[in-house]
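Shown here is one chain on its own, the form predicted alone, set out as structure tokens.
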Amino acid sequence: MIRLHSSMASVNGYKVRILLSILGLEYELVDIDMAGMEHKKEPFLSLNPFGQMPAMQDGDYQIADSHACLTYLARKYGGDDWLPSDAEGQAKVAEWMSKSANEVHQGPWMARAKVRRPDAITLSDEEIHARCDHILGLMDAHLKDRDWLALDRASIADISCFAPISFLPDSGYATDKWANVTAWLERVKSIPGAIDADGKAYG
């Protein structure tokens, strides 16, 4: 049985929960008390010494970091569907996973974090929204003549970027000004098995 150690509120944990649901994999969510800093204490630190969610166990194998979890699940359970085996395809997926860990994290993810932990985020709303404008503007141009970020089909790159961006309307940033990004968000939601942050199927 796969065990995912994360809080329901974790955006990075949500990325992994989406893929688990799409792949139809049974798993146990081990809820971590983020407010109580449970992820900074044992036994969680035995799973991830960096104290960051999520961490995942699949039998005797354990791994931490949302992108590592996505890569593992895609390769072990998704064949080439979500992570291609060819060098060119893998490079394109890696490129957008990197954007997710950097530009998307510094903008859309930060917007969500400031709503949840305003005392911990010192950036102004204006600065965060400017960062969102930057990455979403680039994504909107990229998606002008294509449906998906990395490949001609959905990949874990789309899942990774989707999770934090999907929270933006609830974080005070309107994504509907970006028509191509809006259409892409709807395409991700329409993937069979895709779930919202509460674990409910879209639509």
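Note that the structure is predicted; figures quoted are calculated from it, not measured. Sequential numbering from 1, following the sequence displayed.
Heads up, the form predicted in complex with a small molecule isn't pictured, but that's what we're talking about next.
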Complete contact of 11, 39 and 105 with the small molecule in the model of the complex (any heavy atom, 4.5 Å) = yes
Among 147-155, 63-71, 166-174, 23-31, which stretch has residues whose heavy atoms lie within 4.5 Å of the small molecule in the model of the complex?
-> 63-71
Contact test in the model of the complex: residue 57 vs the small molecule, heavy atoms, 4.5 Å = no
For residue 47, is any heavy atom within 4.5 Å of the small molecule in the model of the complex, or not?
-> no
The small molecule contact in the model of the complex: residue 139, any heavy atom under 4.5 Å = no
Using 4.5 Å between non-hydrogen atoms, is residue 109 touching the small molecule in the model of the complex?
-> yes
